[in-house]
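The data below hold one chain only, encoded as structure tokens and taken in the form predicted on its own.
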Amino acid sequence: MSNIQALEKEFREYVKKIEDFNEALSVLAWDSRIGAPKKGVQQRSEIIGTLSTEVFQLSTSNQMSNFIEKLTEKDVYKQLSIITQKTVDECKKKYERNVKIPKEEYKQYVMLQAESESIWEEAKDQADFDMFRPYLEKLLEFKKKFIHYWGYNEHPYNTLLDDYEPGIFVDTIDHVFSELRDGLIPLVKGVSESPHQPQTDFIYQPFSKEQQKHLNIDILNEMGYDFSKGRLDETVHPFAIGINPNDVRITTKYKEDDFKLALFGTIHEGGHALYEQNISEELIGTPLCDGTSMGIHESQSLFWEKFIGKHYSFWERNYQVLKKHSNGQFDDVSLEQFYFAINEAKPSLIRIESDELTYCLHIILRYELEKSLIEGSLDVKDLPEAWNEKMKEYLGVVPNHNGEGVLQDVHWSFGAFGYFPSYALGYIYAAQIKEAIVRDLPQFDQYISQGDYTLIHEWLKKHIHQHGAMKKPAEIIKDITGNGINAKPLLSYLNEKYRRLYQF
């Protein structure tokens, strides 16, 4: 074994140790959200703080610095495997960011994250923003300090975007989101004013958790989710978590008078999970064994939720499956009536319950608010009022209390500023990806109606899944579409579908 091979092996073993800690933290995070005892929160927060600090120290140690220095030497770097090269690049980026944060501050921040999320859950339940406000203020203060340590170009929010969507900046998002907002608001208005509205009463009939769970499992199996590598659980705020490609877990939230919430939430999280389950196992033990960005990750969940789960052909096949698990409320409802009902579009208060037409307006609202918080033009104390004003302006509805308003999302409770834009970017990417799939697989609709997703899975794995974080989001979209981010395919899809359904 040459000196370079020995150095590469030693580096990969060191990085795997970091990733082993991260896997343990992922299991703790999953357990914390799946019903860990309330009285264990403080101790759990300290354990998470300790492990996270260890990861932080390993990633910013003198040993890591030495690895980076030696492995980035031109003559050495070119002899490394491509996976090691990309791993070095990723570790160097994290090192240069994290080494600027004092270790004790980082530990305090991680402990605050864990405690804040628990407080948020209680505050949301009680619709009490003042209970959560001091934690949000502290999290925001930490984020601003971190941005100061890291530095930024043009806008401080750009530094946060880089955590979730590398290569996408405020000026691009402002332009694309403005185009989306200007196209969506009149379309939402047209749908709301149309005299042709769906009948939906049969949607909101009693549908027990247990029956819904069996339905969701059947649908996940059809999608190709591998239960030998995962599981389905219940939680307050649905999520999927990829511990490694052989352990990818899904959660959902059941509502017994609205089966759509759990079903489409499960399909959504299943899309995330299919991405994680199909990352190349060669990447295990490296930071590349993950989605390349939150936007690309969200494109996969939204592709399955919107472009398959809301597709007419999907329900041609699965309507009988739904009827089998339900209580007879759909027996006298035609497929056409059902399809129109599940695609009902109307302004709603809750993001995760919103329809595909109004969804992006919820995201644009959050993006504008948190960008204002970061740049200092909005104070945390004024956030509920600003939230309600934008809800009225964009969607024409106003929350009755903060539990269904500013407190509804978990993201800010663990400091995930810069995350929200990924949801709308993911929807834009998903529309672009769907266009590309249909171009390559013109029998797309037929595959869905047959429940045969083999070629669709192969296409997604080839172009997106297997690469993990080896390819950057802009590179993936460019390779798939030949262009960059473009909102027009999404606007075209929504205009065609909803003008047809609502006959205007």
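Keep in mind it's a predicted model, so treat the numbers as computed, not measured. In case it trips you up, residue 1 is the first one in the sequence shown, and so on.
Form predicted together with a further copy of the same chain: not shown, discussed below.
K.L.:
Using heavy atoms only and a 4.5 Å cut-off, determine which of R231, H175, H148, K209 is in contact with a further copy of the same chain in the predicted bound form.
P.N.:
Here the answer is residue option R231.
K.L.:
If the cut-off is 4.5 angstroms on heavy atoms, which of these, K70, K461, K471, R44, is the one near a further copy of the same chain in the predicted bound form?
P.N.:
Flagged contact: R44.
K.L.:
So, A36 and a further copy of the same chain: in the predicted bound form, are they within 4.5 Å at any heavy atom pair?
P.N.:
Within the cut-off, so yes.
K.L.:
If you check in the predicted bound form, is I480 within 4.5 Å of a further copy of the same chain, heavy atoms only?
P.N.:
Because no heavy atom of I480 falls inside 4.5 Å of a further copy of the same chain in the predicted bound form, the answer is no.
K.L.:
Give a yes or no for N246: in the predicted bound form, does one of its heavy atoms lie within 4.5 Å of a heavy atom belonging to a further copy of the same chain?
P.N.:
Within the cut-off, so yes.
K.L.:
Hey, in the predicted bound form, does D452 get a heavy atom within 4.5 angstroms of a further copy of the same chain?
P.N.:
Because no heavy atom of D452 falls inside 4.5 Å of a further copy of the same chain in the predicted bound form, the answer is no.
K.L.:
Name the stretch: of 246-254, 97-105, 361-369, 303-311, exactly one has residues whose heavy atoms fall within 4.5 Å of a further copy of the same chain in the predicted bound form.
P.N.:
Among the candidates, contact is made by 246-254.
K.L.:
Looking at a further copy of the same chain in the predicted bound form, which residues in 15-40 have at least one heavy atom within 4.5 Å of it?
P.N.:
Counting only heavy atoms within 4.5 Å of a further copy of the same chain in the predicted bound form, the contacting residues of 15-40 are K16, K17, D20, F21, E23, A24, V27, L28, W30, D31, I34, G35, A36, P37, K38, K39, G40.
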